[in-house]
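First structure 1, then structure 2: two forms of the same chain, each alone, as C-alpha cells.
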Structure 1
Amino acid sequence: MFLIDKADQYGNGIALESDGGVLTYRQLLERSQTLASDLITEKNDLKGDRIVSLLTPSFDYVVLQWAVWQAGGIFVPLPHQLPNDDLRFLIEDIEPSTIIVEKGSLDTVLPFTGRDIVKTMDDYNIDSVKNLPSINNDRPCMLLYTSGTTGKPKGVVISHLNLEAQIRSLQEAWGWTKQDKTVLTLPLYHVHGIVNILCCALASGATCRIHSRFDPQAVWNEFRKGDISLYMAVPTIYAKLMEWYDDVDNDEQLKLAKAVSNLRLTVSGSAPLSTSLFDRWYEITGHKMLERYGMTETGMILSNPLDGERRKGAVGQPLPGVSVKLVDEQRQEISSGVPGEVLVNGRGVFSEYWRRPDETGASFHKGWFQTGDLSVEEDGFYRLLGRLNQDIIKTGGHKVSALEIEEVLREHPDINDATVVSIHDDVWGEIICAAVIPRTELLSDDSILEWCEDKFINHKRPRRVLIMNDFPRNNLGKVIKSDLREMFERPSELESDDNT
C-alpha cells in the first residue's frame, strides 16, 4: 500500500495538525495499525467489507481510513449531516459491516441498521498489533458516492492502484515535497479533499493541517501564520475568501495579500473558475491561480502547469499518466479547435460503479471513460465548454442531479409535479431552482423551502421556488428547461408568472 509504505520513512515528521495538536507519521501508523487489528478481530482480513465513516475531518478520520485499508476493507466516507432518506438509501446500497459515527451521533444511524454495526472510535481500544493482511494493489480501497445522471447517487469503486496512480500524477505535476504544508478546508467525502489534498500531502511527507469545516476568517488566519505553502479549494471558497477580504480595512487587506503571496501555489478545481475570480485573485495576491479539472471516477485529468503559462479560462493539459481524447457523437476522435466530449484513460480511472454493471458498461467506450464534459483544445490548452447533460448541476463544488431533487419534491403531499434547473451565481457557481405544480392552492414558496430543509443536505436544497399552473412545454409535451431557466434568471418575469 503506497501511502502506508511511504509513511514508514517519514517517521517523526508531522503528518497532521489541528487546533487540538499534532500527529506524527509514526503515531498515525501506530494508531491505524492498532485500530486495524481491532477491526479484523475475528478474521484475518476484512476482505472487502465496507466500513462507513460519518466522521468530520479530523485525526480520527485519517486513522480510521488508514486502518480500514490495512485491514483489507473498503473505506466509505459519507457526509455526517445526511437526511434520513439519503442515509437509508446509502446504507442499503453499501451493506456495510461497520458504521463509525461521531460520539453522540448514534441515534442518526440506528433507525436504519442494527446497533451491533454502529460504533464510535471510543469502542476500539486494544493496544496490541496483530499480523495484518498483505493487500494486493488491485483490491478496492474506497467507495466514493457521486450523483448520477439518473436519480440516485452511485458508488465509484477506487482500487489501491487507482489511488496510487492519482497521487503520483499530482505529486509530479504540482511538485509536492515534505517541506510542504497545506490547510484542508474541504469535506473528506469527495476526491478533491481526500486525494488532491490529504493523500498527496501524506504521500509526500508533508503536513496537512485539518479544519473540520470551511471558515473564511480561519483560512486567512492560517495564511497569516506564514507556514502554509499550498492551498486547494473550489471556486466558491475563493469567492468567499475574497468577500471576507473586501470587508476588512486597507491595512488588514495589505497584510492578507502579503500572506498569500508567500504561498508557492494556489489551486482551483471541481467547478469552473470564472475569469473575474482569476483576475481578482491575481490582482490581490500576485498568484495566477492554477486551474485543473477532474472527476470522482478518474481523479484529476487536466491541469495548467506548475511552471509555464497558466491560461485563464483553460484547464491546461493532460496530467502525467492520464490520456485524454476529444470525440464527436460517433465517438470519432476530433482535431484541434473542434469541440467534443472528453474521454479519459489511465491507471487512475476507476473500474466500476458499485453493483451497477449496466451503468459501468454504459460509461465506457472501448476502455475509455466518457466524462460527459465538453471541451475544445486550442494550441495545446484544453478549455471546458459545459456538460452534455443539463440535468447535472454543480453548486458550491458539489455535483447534484436535478432528477434526484425532482423525485424528492414529488413526494411532497401538495406537489403534483416538479422540475429542477440551475441558474448562474457568482459565488455558488450554480443555484438550484425548483418549479412546482401544486395540488392545492395552499402551497407557498416559503412552505416548500421549509419542507426542503429536512429533506435535503444543504447543497442539494433548492434555493428558489416558482409555483406554476404548468411548465413551458414543446409540442410533444416535454418540459423546456431552458425556458424555465430564463424565468428564474429574470425575477421580474417570475413575479408576473407567479399569478398565472
Structure 2
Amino acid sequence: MFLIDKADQYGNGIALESDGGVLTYRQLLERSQTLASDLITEKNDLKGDRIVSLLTPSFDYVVLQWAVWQAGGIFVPLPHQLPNDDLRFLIEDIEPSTIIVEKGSLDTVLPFTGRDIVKTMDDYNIDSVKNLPSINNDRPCMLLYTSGTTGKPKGVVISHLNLEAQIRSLQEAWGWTKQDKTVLTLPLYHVHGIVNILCCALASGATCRIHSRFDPQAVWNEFRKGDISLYMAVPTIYAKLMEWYDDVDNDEQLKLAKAVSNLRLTVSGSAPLSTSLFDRWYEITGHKMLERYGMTETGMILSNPLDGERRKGAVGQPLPGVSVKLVDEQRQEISSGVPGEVLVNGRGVFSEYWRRPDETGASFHKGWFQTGDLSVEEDGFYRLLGRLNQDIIKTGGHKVSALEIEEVLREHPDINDATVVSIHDDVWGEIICAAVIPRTELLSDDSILEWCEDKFINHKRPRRVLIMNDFPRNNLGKVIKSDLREMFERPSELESDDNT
C-alpha cells in the first residue's frame, strides 16, 4: 500500500493539523494500525468488507481510512448529513459490515440498519497491534459514489493500484514535496478532497491542515499565516473567497492579496471555471489559477501545466500516465479542432461500477473509458464543451454548447453567474433556457433577452430566463441541471418560487 509504506519514511514530520492539534506521520501510522487490529478482531482479514464512514473531515476520518486499508477492507466515505431516502438507498447498495458515525448521530442511521453494525470511534479499544494481512495492490480500497446530478449515484470501485497511479500522476504534475502545506476545506467523500488534496499531501510527506467545513474568513486567515504553499478548491469556493475579500477595507485587501501571492499554486476543478473568476483571482492575487479536469471513475485526466501557459477556459493537457483521445459518434478518433467525446485509458482508471456489470461494460469501448464529456483540442490544450447528455443542446438543427452560452452571459455587467439548460419545444426541438444570479436588483428577464439579441446568433439565443438567488447545487458546488430543467418545464411553479 503506497501511502502506508511512504508514511514510515516521514516519521516525526507533521502529517495533519487542525484546531485541535497535530498528528505526526508516526502517530497516524500507529493509531491506524491499532484500529486496524480492532477491525479484524474476529478474523485475520476483512476481505473486502465495506466500512462506511459518516465522519466529518478530521483526524479520526484519516485514521479510519488508513485502518480499513490495512485491515483489507473497502473504505466507503459518505456525507455525514444525507436525506433519509438517499441514505437508505446507499446503505442498501453498499451492504456494509460496519458504519462509523459521529457521536450523537446514531439515530440518523439506525432506522435503515441494525444497531450491531453502527459504531463510533469510541467503541474501539485502540491499544494493541496484531499481525495485519498482506494486501495485494489489485484489491479494491475505496468505493466512491458519483455525484448523482443526472441520476442515482453509482459506486465506483477503486483499487490500491488505481489510487497509487492517481497520486503519482499529480505528484509529478504539480510538484508536491514534503515542504508543502495545504489546507483542506472540501468534503472528504469525493476524489477532489480525498485524492488531490489529502492523499497527495500524505504521500509526499507534506502537511494537510484540516477544516471540518468551509468558512471564507478562516481560509483567508490560513493564507495570512504565510505557511500555506498550495490551495485547491471548486469555483464556488473561490467565488465566496472573493466576495469576502470585496467586503473588507482597502488596507485589509492589500494584506490578503499579499498573503495569497506567496502561495506557489492555486488549483480549481470539479466544475467549470468561468473566465471572469479566472481574471478576478489573477487581479487580486497575481495567480493564474491552474484548472484541471477529472472524474470519480478516472481520477484526474487533464491539467494546465505547473510551469508554462495556463490557458483560461481550457483544462490543459493529459496528465502523466494518462492517455486521452477524442472520438466521434462512431467511436472514430478525430483530428485537432473537431469536438468529440473524451475517452481515457491508464492505470488510474477504475475497475468497475459496484454490482453493475452491464453499466460497467457499456462505459468502456475497447478498453477506453467513455467519459460522456465533449471536448475540443486546440494547439495541444483541451477545452470542455459540456456533458453529451445535458450540455449539448440540439436546437433548430444545430448543436450548441451550454457552457459557451454561459460564458457569454457572464460578460453581462449585471450578471454574477449563469447556467444554461434546454427543454423540449415542438418547433425548435429544444429551446435554450438561462438561469442567472444577478449583481443588482435592476436586472429583468426582458433586459437579458434584449441584451442576448446582440450577443448570439439566432439558434444560440436563450428563449427563457429565470433570475435566482442561487442555483440548486450538490455538495461540491456543481449545478444540478436536472432540477433546473424541471423548474423551466413547470412555469407555474416558477411564479411562486422564493428564489425568483
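Between two forms, the rigid core is defined as the largest C-alpha subset superposing within 1.5 Å. Given the structure is predicted, the values throughout are model-derived calculations rather than measurements. Numbering for residues begins at 1 and runs along the sequence of structure 1.
Only structure 1 is derived from the form predicted together with adenosine monophosphate.
Residue 414 shows a C-alpha shift of 2 Å or greater between the two structures [criterion: core-superposed Cα displacement of 2 Å]. After superposing the rigid core, the C-alpha of residue 452 moves by 2 Å or more between the two structures.
Rigid-part rotation between the two structures: 147° for the smaller part relative to the larger (C-alpha based, whole degrees). Core fit done between the two structures; CA of residue 485 shifted by 5.4 Å.
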